[in-house]
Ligand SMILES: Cc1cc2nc3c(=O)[nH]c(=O)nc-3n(C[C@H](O)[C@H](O)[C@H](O)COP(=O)(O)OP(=O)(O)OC[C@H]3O[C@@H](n4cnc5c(N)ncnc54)[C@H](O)[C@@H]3O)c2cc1C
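The chain below stands alone and is given in structure tokens; this is the form predicted alone.
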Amino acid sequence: MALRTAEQYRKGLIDGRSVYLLGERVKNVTEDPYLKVGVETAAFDFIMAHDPKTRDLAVIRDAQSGESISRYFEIPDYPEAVSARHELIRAACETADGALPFIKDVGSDIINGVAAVARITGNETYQRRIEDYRAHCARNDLSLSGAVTDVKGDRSKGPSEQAKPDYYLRVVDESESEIVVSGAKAHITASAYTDEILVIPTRNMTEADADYAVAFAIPVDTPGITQICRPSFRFEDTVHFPTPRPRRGHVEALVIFDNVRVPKERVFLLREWQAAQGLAYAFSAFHRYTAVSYKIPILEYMTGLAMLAAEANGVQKTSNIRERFVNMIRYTETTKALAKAAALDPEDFGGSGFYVANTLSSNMAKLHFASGFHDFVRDIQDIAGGLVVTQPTYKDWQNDELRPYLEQYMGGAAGFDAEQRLKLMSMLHHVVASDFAGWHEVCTIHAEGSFASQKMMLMAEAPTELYRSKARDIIGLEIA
């Protein structure tokens, strides 16, 4: 079976998985008013595979089976695979109303990272297992989430030094055919409504941390896995004005592994502590470019919202607002240019034969995006004005007694009547002033790696010796 429909994806999620939200166990993740936001966003991955407009981007031919499979499961063993994936992710965001479906990109980035490290280290067992798993996912068109970040406890200490041993996920038992793991992974996007979870280490390890050096894949409904989710907004929102294209987004979870049994055929790293950091690095090399790719359509859309707000307020031609526009355009287009540069200069990761976007340019793009987003949001808030947080709600608009007042007082410039202006301000509130907006700003800093991790990567990847040698040559220094 390959290329499931959106409805088949939804039905596959009704399997008795242990998911909690707001203190209650969720009976059906496809119907819960909060989780349904993520489910319907994720479903666009399957919609794209059957839509003639996007099928060529979303689907490839499996070289072994001859079946049509999702491009996310393509083996990236040629340079052009990088740009093809970039275009797929951009198209996915535009198709899914400004949000990435997010149920194959992270997982396939992990698959590629694991496969690359297995090749580099020459571990044939792990190579076979991960490629068998890739084929399994492709031929069953599975949805995947990636569990990387541990809860960490005291961040000044390593995994084996923590007050509680399960602050990092670890192996607690092993037999000839399986391992047993305990611990938790935090901030896991979309895991409540995927078929499988892939787990990898989040950091470097020492020999004392060997039990924490583990990577594997497991079905979400496996006994012992419990997810505690935090919502950001409901699928049916009666406060904001409705729009033809609904608001999209995802739900994060704390994923708990309580003595979970994992078959050895699904294990891709087991106590090889020396490889833990390399595996985390390999994943980030693949995934950081995914992150940059999906953020570009979001910036374009938010820039457009700010421009409409200026028009509605009648200030689009004032010098201070035009300066805000310049800031937003510079930020958006620089992010796009760095992403494009990374795709145009792909590299063979570690000699593995798997191609990634240029790692230096990818990290520059991610750091640029993350470090400038707060200012970008501030500019939108400045342009929109106080109405972005004090506006009457859609419930007020539906009240027959109140609507005449709103029609009289809430109109704007440039032909914006009261309903149009309030609809615009309602969406702006969602994007830059709601619970969801706060979630988005924090995720911009920490998702796909923090500021510190990107700066470390810049120092590691930049041709610093080239810089120094040019300076030495010009000055005439002969320093070793």
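Being a predicted model, the structure only gives us computed values, none of them experimental. One rule holds for the numbers: they count along the sequence shown, beginning at 1.
Here the subject shifts to the form predicted in complex with the named molecule, a form of this protein not shown in this document.
Even though the partner isn't displayed, in the predicted bound form is Arg128 close enough to the named molecule, meaning a heavy atom within 4.5 Å?
Contact check for Arg128: no, nothing within 4.5 Å of the named molecule in the predicted bound form.
Quick one: is Ile188 in contact with the named molecule in the predicted bound form, heavy atoms, 4.5 Å cut-off?
Looking in the predicted bound form, residue contacts with the named molecule include Ile188, since a heavy atom lies within 4.5 Å.
Just to confirm, Gly412 within 4.5 Å of the named molecule in the predicted bound form by heavy atoms?
Contact with the named molecule, no.
Taking 4.5 angstroms as the cut-off for heavy atoms, does Glu252 touch the named molecule in the predicted bound form?
Taking the distances in the predicted bound form, the answer for Glu252 is yes, it comes within 4.5 Å of the named molecule.
Only one of these stretches, 147-155, 339-347, 112-120, 385-393, has heavy atoms within 4.5 Å of the named molecule in the predicted bound form; which one is it?
Only one stretch qualifies here: 147-155.
Check each of Lys423, His446, Lys455, Arg55 and return the one that places a heavy atom within 4.5 angstroms of the named molecule in the predicted bound form.
Answer to the contact question: His446.
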